Each structure stands twice: as structure tokens, then as C-alpha cells.
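Heads up, the chain below is alone and in the form predicted alone; it's given as C-alpha cells.
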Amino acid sequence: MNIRLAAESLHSCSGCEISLLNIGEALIPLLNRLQLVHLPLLMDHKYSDPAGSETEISIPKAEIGLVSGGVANTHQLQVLEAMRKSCTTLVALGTCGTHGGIPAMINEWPMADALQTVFSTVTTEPVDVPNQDTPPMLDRVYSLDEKTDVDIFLPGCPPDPTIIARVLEDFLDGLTPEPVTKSVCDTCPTRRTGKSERKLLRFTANARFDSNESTASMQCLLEQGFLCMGPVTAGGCGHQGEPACIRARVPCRGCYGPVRHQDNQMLGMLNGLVSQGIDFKTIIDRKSMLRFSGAHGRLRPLKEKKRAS
């Protein structure tokens, strides 16, 4: 029996859709069992119902709804609400959808101030912030579950293609996809000595490793003094169990969001550093630990007095 699939991308870069295509040949048998009823990036389909009003957004009924990206303007909110109404199971695809992602970094400033800065740079002639033929912006960038009910969270920037394929296979087989419960550290093969540097290094420093040996022989990057977000970041980014960043000999940046959905990566990481005896004051930009999870009120503007000072 075929299962109907609808997909939408909101405030995102389309990397999640590329990851979907990167499933490769394994996608072909899945497509034989999936009926694509709405996927604007691959097939033309109008939002408006010819029998309805011009402003009404209509999405075909589907058992599975994949939505990537967060919510930043009124049109995206309308599309999300239409997807929720039409889809039995709604899946937040990618970290922008689950936790705001990179776009939610703008939440650190008032939206009006941020837009004024973008459109009035010192390198170009200032222009007015667009306000015609463009949907009004919301006050900040929201994750999907802040605006509607979400059934499945599938984080990643972008999610690993094999994980997307597994989730789709589970749906087709009548199973409920299991959430990620392990952190990046849980799947990291690097060597832990129990001895950590007391101060954090800048990313201009090079990690200590032998390129001729496997990552299993490399000392844990956090122990080497690098701000590796592995302890507080959901796993799933790796191929055959090895985290992608670690395989490249660079620290985890936290792109899969927190291990548990409502966790705060910044607070969790600060607690972890303190427990290891690492001086957290050597962190140059603490808010950078929320670069992928700035929704849910995690990143917000400073009060007027603090911004003025």
C-alpha cells in the first residue's frame, strides 16, 4: 500500500532536501511505495485551492508531512498550519525545524534592528527594508513545535541521508521511528585519558593527531582544549557510527541540537566544562554554543540598558 507524502521547506537553505536526494539509489524502492502529493522543490503544485479563496493555502491530504526550516514570517506560518491540518504525522526535518538552526541566530537582536542592519550596510548604499510584496516578518525565528504540534523530530544540519531513509522505511513498515537518545560523545571513538587542558584553545590552533592513524588513536578534542559540543549534542551525524566532524579531526559544533529536545546546549556545556575543571571564562563567545538551537527563547535580545552600554 502506498503512503502519501507531502513536503515543505520554510525558513531554510534546502540542505535537508538535498540530503533527502542524497539517499541515492536506496531512494528508488522507497519511491515505489511513496506517493508524492506535494513537494514544491521537485514538482509543481499550487498552494491555493481553486474552489477556495485566493488567500487560502491548501495542501493535499497525506499520511506523512516533512517540513524543513523554521518559521520567520506570516506566509511560512500559514504554510506550516496548512501542513499540520493536512498531514497525519508531521515531521520536523532538520535542525532549523527542530531548534531554529542558523537562522535563529538573529534572535539575539530585535528583528527590526537586525533587518535595518542588513539593509543599511557600510559597504553598499543604504536601502529601505522591503515591505511590499513580501510577507511580514514575525518578531523572531521560531522552531516548528513553537507554532504547532510536531510528531517526529529529525534534527541535523542537514540530517544524515541514511537516517532519513530509515525513518521513511519505518513509516512504510508501520513502525514508529525511534528518537535519538545518544550524544555525539556516545558514538565518538577518540581516546579519553581523563586529563583535560584547563583553558580552551581558539580554533586557530591545530589538534594533535596522526593523519596516518584512525581517529581512535586521537585524544579526545575536548581534553585537548577545544570546545567540542559532543557531550550535549544529539548523535546521528556519523557514517557507520563515527561522528562526521570528529572524522574530519575538528570539534563538534552542535549542529544536531541538544540530545533531549528541551535541553539547553549552552548551559549543559558550561556545566560539563566546570565538571572537567576547565575554565569556562576562556570561552570567547558563549552564545555561539546556541548557534544551532536559538529558538524556544534560548537566544533573545539583551535589555535596552545592556545594549546601550
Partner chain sequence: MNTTISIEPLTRIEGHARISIDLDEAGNVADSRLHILSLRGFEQFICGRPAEEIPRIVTRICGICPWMHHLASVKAVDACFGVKPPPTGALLRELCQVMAHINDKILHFFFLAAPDFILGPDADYSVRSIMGIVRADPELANRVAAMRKLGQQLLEEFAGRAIHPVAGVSGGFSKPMTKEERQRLQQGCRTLLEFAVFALTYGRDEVLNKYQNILQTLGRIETGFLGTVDTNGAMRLYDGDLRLMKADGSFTDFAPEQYKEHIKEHVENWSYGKMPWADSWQEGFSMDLDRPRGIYRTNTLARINICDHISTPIAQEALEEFRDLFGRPAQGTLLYHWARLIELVYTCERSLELLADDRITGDMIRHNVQPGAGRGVGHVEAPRGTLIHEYTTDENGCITSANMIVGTTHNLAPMNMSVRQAATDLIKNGHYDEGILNRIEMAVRAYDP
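Residue numbers count along the first chain shown, from 1. Just so it is clear, the structure is predicted and the values come from calculations on it, not from any experiment.
There is also a form predicted in complex with its partner chain; it is not shown, and the following applies to it.
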Query raised in the report: Is there any non-hydrogen atom of residue 206 lying within 4.5 Å of its partner chain in the predicted complex?
Result: yes
Query raised in the report: Given that the partner is absent here, does residue 131 sit within 4.5 Å of its partner chain in the predicted complex, heavy atoms only?
Result: yes
Report task. Please run the contact check for residue 176 against its partner chain in the predicted complex: heavy atoms, 4.5 angstroms, yes or no? Result -> no
Query raised in the report: Does residue 189 make contact with its partner chain in the predicted complex, using a 4.5 Å heavy atom cut-off?
Result: no
Query raised in the report: Heavy atoms within 4.5 Å of its partner chain in the predicted complex: which of the stretches 178-186, 136-144, 192-200, 81-89 has them?
Result: 136-144
Query raised in the report: Of these, 152, 77, 102, 165, which has a heavy atom no more than 4.5 Å from its partner chain in the predicted complex?
Result: 102
Query raised in the report: Even though the chain is shown alone, can you say which residues of 97-115 have a heavy atom within 4.5 Å of its partner chain in the predicted complex?
Result: 102, 103, 105, 106, 108, 109, 113, 114, 115
